[in-house]
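Okay, here we've got a single chain as structure tokens, the form predicted alone, with questions on binding and movement later.
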């Protein structure tokens, strides 16, 4: 009886080890997910920068040269961008330059990655 119980316990332990070894460890899965997110964030940032350069910097270079958007400063200005573009709808100014729906969506997605909310 005791030998049978020991055999069952050992078989159970081996089964558990086999099951758990077939899964990625949490650390590996987390690293892989972080890498995927990092690549996606970087692509989104580049898309947002392109919008800021083509739609915003056109006027900013002339009217407000201290607020020209660059890759180095765009993240720290994320709150201001959100406020002016989405909350107050003051930017972009005029009728000549407008953001498309896709550009609004891209900017908004990038802003949500900036943890400003």
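Residue numbers count along the first chain shown, from 1. Small disclaimer: the values here were computed from a predicted structure and weren't measured.
If you look for the form predicted in complex with a small molecule, you will not find it shown, but the lines that follow are about it.
Trainee: Counting any non-hydrogen atom inside 4.5 Å, which residue from 89, 70, 80, 50 sits next to the small molecule in the model of the complex?
Mentor: Exactly one residue meets the criterion: 80.
Trainee: Counting heavy atoms only and using a 4.5 Å cut-off, do 55, 63 and 85 all touch the small molecule in the model of the complex?
Mentor: Heavy-atom distance to the small molecule in the model of the complex: all three under 4.5 Å.
Trainee: Using 4.5 Å between non-hydrogen atoms, is residue 74 touching the small molecule in the model of the complex?
Mentor: Result no; residue 74 lies far from the small molecule in the model of the complex.
Trainee: Wondering, does residue 44 line up within 4.5 Å of the small molecule in the model of the complex on heavy atoms?
Mentor: No, residue 44 sits far enough from the small molecule in the model of the complex that none of its heavy atoms falls within 4.5 Å.
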